[in-house]
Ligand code: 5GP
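Form predicted alone, single chain, as structure tokens, below.
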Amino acid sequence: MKAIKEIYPILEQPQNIVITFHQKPDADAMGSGLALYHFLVKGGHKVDVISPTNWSDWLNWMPGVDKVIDFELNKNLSQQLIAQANCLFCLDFNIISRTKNFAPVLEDISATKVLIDHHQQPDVDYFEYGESNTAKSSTCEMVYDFIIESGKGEWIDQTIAGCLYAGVMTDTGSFRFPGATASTHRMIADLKEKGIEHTRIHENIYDNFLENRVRFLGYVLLKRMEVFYEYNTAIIWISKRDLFKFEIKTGDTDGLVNYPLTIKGIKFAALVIDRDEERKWSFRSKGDFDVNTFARKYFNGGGHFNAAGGRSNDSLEETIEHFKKVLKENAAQLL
């Protein structure tokens, strides 16, 4: 994989570009994708953004989200656009399996593939150009760097700045995670000088849920959370019945895994949700417990040192029991 700066000369000429990101995109994926979209359009390129799946309603405020194509709803159009593209930007994921059913379409395309991502262990053989930097707070910060280093930082207007801010804010836990470095804050200062309304962006993301989601949150914390003080760990499990009962939609469970970490002494939190096709896991930690390694070893997943995800084909009950078993194996690291 060549350094991403080597793509700049190619972008001096108009290209047919497709931007994509991981399934069920969060604010960092959607924000980085749309920020890059607006930037490349300014450069005279033909640009399409394809999401492998649907996304949360609370992302619909982002400028340009109405132009994003849902692959699962528009497969023929998506395949046509990919076939016509001569450049593919892959944001906020580094292994194509994270694009779910979109992955087979991406496997054999002839377009030049460019990676911008901050997760561990990228599949570098798939990409011709790119940057994989786990020290960065977010993919949005990396897209910001990409724009600045292109020499076209003046192209960052309020539209691009707002998309970038949303991704950085959410991926840093509102700037409380270790990934919020000095360079991250310098970026935010620049975006503020460009006129972003950070309060409005925060409200669009965090104060934009329906009543049922708030009641669901209370129910889950009361009925579906189990704390293991002997391992400084807590788990939340959610059944399909719970999802139907509270009419939970895509995005309504985002951030739920972080709540147990507010309990004094808890350094490892896990969330498992019973989906139709599999059981989806989310892991978060404080300090020196590596959930990326934990997720890869036990739950076919991965991610960051303190934030990762996984999956299981076992039943909800079976995968919970498996978690409890492997929790004991890691007890020494959690004390």
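Owing to the predicted nature of the structure, the values given are computational and were not obtained by experimental measurement. For every residue, the number given is its place in the sequence shown, counted from 1.
Only in words, not in the display: the form predicted together with this ligand, which the text now covers.
Trainee: This ligand isn't shown here, but in the predicted complex, which of 30 to 38, 58 to 66, 306 to 314, 43 to 51 has heavy atoms within 4.5 Å of it?
Mentor: Only one stretch qualifies here: 306 to 314.
Trainee: With a cut-off of 4.5 Å between heavy atoms, is Asn300 one of the residues that contacts this ligand in the predicted complex?
Mentor: Contact check for Asn300: yes, within 4.5 Å of this ligand in the predicted complex.
Trainee: Would Lys280 count as a contact of this ligand in the predicted complex, using a 4.5 angstroms cut-off between non-hydrogen atoms?
Mentor: Taking the distances in the predicted complex, the answer for Lys280 is yes, it comes within 4.5 Å of this ligand.
Trainee: Is it the case that Lys267, even though its partner is missing from this view, gets within 4.5 Å of this ligand in the predicted complex, heavy atoms only?
Mentor: No - in the predicted complex, heavy atoms of Lys267 and this ligand never come within 4.5 Å of each other.
Trainee: So in the predicted complex, does His119 come within 4.5 Å of this ligand, heavy atom to heavy atom?
Mentor: So His119 counts as contacting this ligand.
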